[in-house]
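Here you get one chain, nothing else, as structure tokens; it is the form predicted alone.
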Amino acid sequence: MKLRPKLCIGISLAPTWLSGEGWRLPGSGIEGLYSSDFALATARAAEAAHLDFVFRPDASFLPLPVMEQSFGFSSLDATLLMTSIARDTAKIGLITTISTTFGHPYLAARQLMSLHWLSQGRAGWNVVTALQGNENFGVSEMPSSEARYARAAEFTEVVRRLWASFPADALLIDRDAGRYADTDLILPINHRGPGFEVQGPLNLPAFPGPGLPLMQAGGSATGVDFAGQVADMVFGMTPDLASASRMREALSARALAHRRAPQNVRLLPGLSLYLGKSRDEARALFQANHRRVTRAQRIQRVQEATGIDLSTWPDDRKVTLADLPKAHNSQRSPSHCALLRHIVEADSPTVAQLLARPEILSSVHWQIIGTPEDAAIEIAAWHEAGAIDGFIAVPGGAPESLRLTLEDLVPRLVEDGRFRRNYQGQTLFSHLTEE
């Protein structure tokens, strides 16, 4: 049973519709990638569709091999980008990404509250622990998952305490009495912990309205527990309905364990959308976008996920469950590995069939290749099953896929009663809590 009657829908500002071969299309606008206007155009289109938020993933490292053919992780700073588009949007939420592994809570608290003020209550924080990038911060190797999440918990606690250290009602601005602020209400936090020592208070008052919602993306047991404790939204990597249902159940259990209502921890899987006016058009778009993914790259992805090396296998040989190693330390997400094992178990595909699967060629997110109607039907099924509370749209292949998402798919969800027709409030928190 679904936890909320209406979907929560956001969209990634990372231009996924231009990844792969998409940037090479005439009129793609790729030349403006490092400008504010590029992201602003998407944010305005998303606001016209009354989406809850735009979201900018971020990373602190640059894998070079992919840069030969596409822009990869090359991007403007997420928080500066969100700040640049705050003034030219009015209602849509603006979720930025800040790492707890490489950042500092005082700087993060100030940047986020600044964005909240500049957007008049529309900021959100995607809390990430990061998987790579240690070499750029003088750290010899990445800390363990447990160490990263312990730091994230302390980091998040300090940020929230700093936001509370200078409450909005401390700001008096009493011209007659000559009192600017009630300093009795502005208090240091005097935090002394294993990772940070922060005295406070923050040198910026809290925005006089709803606070900043938090997003989290970890899929490990530790990450799910952290999400159950602090997250309002979870950017899930759930490639199929079964994995989404399992994550929804796990999040609900951890929310209850932390004395929170499960419906207040919204599971929002990334949804890769290759959309066309017909299914054939959508499939052709998907294939064209991945035409430079070599056989060797596909074989490597299978090996990373399952442990089996298909490099010497003929195309017509079947791959069965018995062929897969029972124990494998995967370099890909557990959900993706489980999905590939399920495909092999259910279908026993030939090598050629397996290497042609969308799950090998593209995103490890939930993926729909079809028409906007196909997408609306599948989204409704997942929602009715109680597996999701919404999704984060990740359009792929071409700008047309982005357009169809916002101008065709979302209106179908509106007509189905699953999404708002108009904004009811002005802040991100109000969008998340409206019924």
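Predicted model, so just to flag it, every value in this text is computed and none were measured. Residue indices: 1-based, along the sequence shown.
If you look for the form predicted together with a small molecule, you will not find it shown, but the lines that follow are about it.
Original post:
Counting only heavy atoms and a 4.5 Å cut-off, does the small molecule in the predicted bound form sit next to every one of 276, 369 and 409?
Top reply: No: no residue has a heavy atom within 4.5 Å of the partner.
Original post:
At the 4.5 Å heavy atom threshold, is residue 91 in contact with the small molecule in the predicted bound form?
Top reply: It does not: once the small molecule is placed as it appears in the predicted bound form, residue 91 has no heavy atom within 4.5 Å of it.
Original post:
For residue 129, is any heavy atom within 4.5 Å of the small molecule in the predicted bound form, or not?
Top reply: Close contact exists here: in the predicted bound form, residue 129 approaches the small molecule to within 4.5 Å, heavy atoms only.
Original post:
in the predicted bound form, does residue 217 have a heavy atom within 4.5 Å of the small molecule?
Top reply: Residue 217 belongs to the contact set for the small molecule.
Subject >> Contact of residue 378 with the small molecule in the predicted bound form (heavy atom, 4.5 Å) >> reply: Residue-level check for residue 378: no, no contact with the small molecule.
Subject >> in the predicted bound form, the one of 58, 374, 400, 47 near the small molecule [non-hydrogen atom within 4.5 angstroms] >> reply: Of the listed residues, the single hit is 58.
Subject >> Interface residue in the predicted bound form among 223, 205, 201, 239, criterion: non-hydrogen atom within 4.5 angstroms of the small molecule >> reply: The option sitting close enough to the partner is 223.
Original post:
Which single stretch, out of 229-237, 302-310, 285-293, 160-168, brings residue heavy atoms within 4.5 Å of the small molecule in the predicted bound form?
Top reply: Selected stretch: 229-237.
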